[in-house]
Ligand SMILES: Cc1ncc(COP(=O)(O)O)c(C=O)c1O
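Before any questions on binding or motion, here is one chain by itself as structure tokens, the form predicted on its own.
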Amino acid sequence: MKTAKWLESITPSPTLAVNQKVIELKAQGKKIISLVVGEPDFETPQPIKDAVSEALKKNLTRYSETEGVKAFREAICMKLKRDNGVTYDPSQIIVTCGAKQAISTSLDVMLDGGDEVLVPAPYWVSYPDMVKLARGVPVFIPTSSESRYKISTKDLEKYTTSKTRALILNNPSNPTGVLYTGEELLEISKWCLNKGVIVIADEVYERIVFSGRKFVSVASLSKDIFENTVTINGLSKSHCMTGWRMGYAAGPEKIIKAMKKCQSHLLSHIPTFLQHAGVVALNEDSYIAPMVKAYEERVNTSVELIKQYMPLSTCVVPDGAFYLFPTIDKYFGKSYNGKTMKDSIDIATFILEDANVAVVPGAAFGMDGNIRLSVATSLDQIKEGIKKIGETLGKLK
């Protein structure tokens, strides 16, 4: 049976593909340390789970509004005002099946065929294919460790054309964990406003920020910037609710109405009873600070372990999220048992086969000279994993 030809440009999620390989190897009885998936290893807080039970007891299981239960959208508005200093009306909010769908649907309603979207590299693996699925063209803006993987307005000028429609800005970043300052965001956002480029602000890691650093939401920078920004967020990372698939978008009412129209045909809405639990989640965050403290300890320990066991690698110290993105390009061209390492895919494969440690090749994020490590696992697993990675890389000559 034939499928659409344009789908040939779409690739499956590399992180999920690596994770599937890990599952298969574990099923074969192999002990694999996985530093792959960006999924908190903490449990969903009990009050949130209790709220689902309560919603089911009340039979809150029928259809809701396409854009989401009003009580949940009101809770999102309260959260955005309290935490981010931005004021939205519930009509400017749409609840989606995770932040991933919020980004994808926002692109669907913004882009006409051939419109371009600026995507700073390294990028989260799904951004390019989301743009392609919306019939757009991803335009990659390369960065380097020297700039801490951040873009500037000079970079934007270089890669913008008459077809540029939007910029996807992930802050803090997956895979680097780097956080933009308020001043940096203001400069970028002003430039976008002047050029008519919409900012899609992916802020899903906003609560996971280290060492007292301040997270600044793009939409809070000015009234004009507020009206030129679509804010994306969700409960997966901050509230340990990855499997619940609870995300949302906040933005200009025209964009949200268009997303509602699209969603009414594709999804209707996420489960009603989960949305009622979402209200509790947004008002239950006492557990977040201890969780972030644990992530920070893991990140700091990992940075030191990389220095110790991976001497040819360097790693920008993350400001937030729960990833590290060390370089591995100095291992390219080296060999072991007749196998020469050409790229990050070769390196990641070698690490998995030789050390039984799973990592994601940097090529998946648009930067082949790196690998990504997730520290959303125990400190013991992290210590053992990085030590094994170092021992394996040390075999390359």
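Note that the coordinates shown come from a computational prediction; the quantities given were computed from them, not determined experimentally. Note that residue numbering follows the sequence shown and begins at 1.
The form predicted in complex with the named molecule is left out here; the points below concern that form.
Taking the partner from the other structure, the named molecule in the predicted complex has a heavy atom within 4.5 Å of a heavy atom of Ala99. Val204 belongs to the set of residues with a heavy atom inside 4.5 Å of the named molecule in the predicted complex.
Taking the partner from elsewhere, Asn174 is found to have a heavy atom lying within 4.5 Å of the named molecule in the predicted complex. With a 4.5 Å cutoff on heavy atoms, Val95 does not count as touching the named molecule in the predicted complex; it lies far away. Partner proximity in the predicted complex, defined as non-hydrogen atoms within 4.5 angstroms of the named molecule, places exactly one of 254-262, 188-196, 287-295, 234-242 at the interface: 234-242.
In summary, among the residues Trp124, Tyr180, Tyr88, Phe273, the only one with a non-hydrogen atom within 4.5 Å of the named molecule in the predicted complex is Trp124. Among the residues Ser302, Thr229, Asn170, Thr105, the one placing a heavy atom within 4.5 Å of the named molecule in the predicted complex is Asn170. Along 30-51, a single residue, Gly38, places a heavy atom within 4.5 Å of the named molecule in the predicted complex.
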